[in-house]
Every structure is written in structure tokens, then in C-alpha cells.
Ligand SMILES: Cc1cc2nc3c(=O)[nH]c(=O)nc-3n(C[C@H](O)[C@H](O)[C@H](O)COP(=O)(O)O)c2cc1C
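In C-alpha cells, one chain follows: the form predicted on its own.
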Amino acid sequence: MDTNALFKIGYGLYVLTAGVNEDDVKSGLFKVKDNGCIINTVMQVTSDPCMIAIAVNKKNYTNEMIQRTKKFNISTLSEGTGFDIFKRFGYQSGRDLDKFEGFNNIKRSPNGVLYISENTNSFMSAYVKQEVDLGTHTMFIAQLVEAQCLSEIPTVTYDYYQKNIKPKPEKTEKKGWRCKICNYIYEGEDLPSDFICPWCKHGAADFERV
């Protein structure tokens, strides 16, 4: 099976953000923190009430925060977004650092969660109504409570990201397997079937031999 066919699906790329505030802490949740990650699965599922669904890898710290607070924001990335946004929110874990440190292009919506205010054409705020366990991911079905258009610049699609934003893989003498999402290289003759990329959290199906 050629899993490259999945890259032809016309989905966009988004920064999913979550946050724990003082009221959450008083309710018994963990420490105050803002966090975010890159996702590519956002869809409208109903119009009245307006409901959206997102899918988030369980290994992402943002997943855990949403499960606890039941709220999140979606920032829709627009063409012209630099690779630094993807590195900041996609290639490191919020468990280890503050992803918003030194990053000023943000605002806080009425639900108390941050959203990206530049290089995005819209943002949406939602409260979780239902969770669906999908194995490696959690699907959150949520009701939209706020939404704004910020620009008319087209959304970054996955295809646009691959062709225009993600750096081309460097030539290497290493032998092993390269992640087709982020270019991480696993050195070794055989790639474990349950291997998870430490950078972007994609599985073995998204690796190719180099």
C-alpha cells in the first residue's frame, strides 16, 4: 500500500491551543500553563448547533490538557507562514518547555485560551461535548462558541506545506529510515513497527528507507 496517497488529501494545517488558568487549578487541575500543537484534522460536523471535530495524538500534551479543561482554540494557518511556527508547535513537547516563550503574535479569546494572531486567517473557540477513543488519537467533538476571520489569505494545505514550507531533506550518508513528515532519521536496518517519531509523533507508516 502506498501511504503517500494520504498526502493528497486536501486538509489544512492548524495550531491547536489549550490552557489551564487559575480557576482550573482551583478545580483540582494541574499548574497554570498555555500550550499548543500542530494538527491537520478539523472538520465541521453539524450546523445548528455549530459543532466541529478534531483529532489529536494522545502523545501530545495538548491532548491531556483538553481532556482536563474541555476547551480549546483552533488557529487556521495561512499561506506565508514560516517553518519556525511548525518547529515551535510541532517538533517539541510542551511537557518540556514553554512553547509561547518569546512568541508575541498571540491573543487570548474569551474562553481564556491563547490563539495565534498573525499568519492565521481565522480562529475558533470550542467546548468539548464528546470524546471518541481512536487508538493512537482522541477525537474531540465540540461546540463552537466563538469564531473570527482575520484575513483573506488562503489556508495552508498539507500539499502547500510539503512543497513550499518544509525544508527539503539534506543529503546524508546515514542509512536507515526518514520520516516523510519532518525529515527525522532513524538509524538502523529495521524500523520497529510500533516506532513513533520523536519530533512529529507520526508512526512507522510515515517513514521511508534512506
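Just so it is clear, the structure is predicted and the values come from calculations on it, not from any experiment. Residue numbers here begin at 1 and follow the sequence given.
What follows is about the form predicted together with the ligand, which we do not show.
Screening Gln143, Asn183, Gln67, Asn40 for any heavy atom within 4.5 Å of the ligand in the predicted bound form leaves a single hit, Asn40. Shown alone, this chain has one stretch from 123-131, 67-75, 84-92, 102-110 that lies within 4.5 Å of the ligand in the predicted bound form by heavy atoms: 84-92. In the predicted bound form, the ligand sits within 4.5 Å of a heavy atom belonging to Asn57. In the predicted bound form, none of the heavy atoms of Trp177 sits within 4.5 Å of a heavy atom of the ligand. Using a 4.5 angstroms threshold between heavy atoms, Val20 stays clear of the ligand in the predicted bound form.
Among heavy atoms of Tyr160, none comes within 4.5 Å of the ligand in the predicted bound form. Scanning 185-207 for heavy atoms within 4.5 Å of the ligand in the predicted bound form gives Cys200, Lys201, His202 in sequence order.
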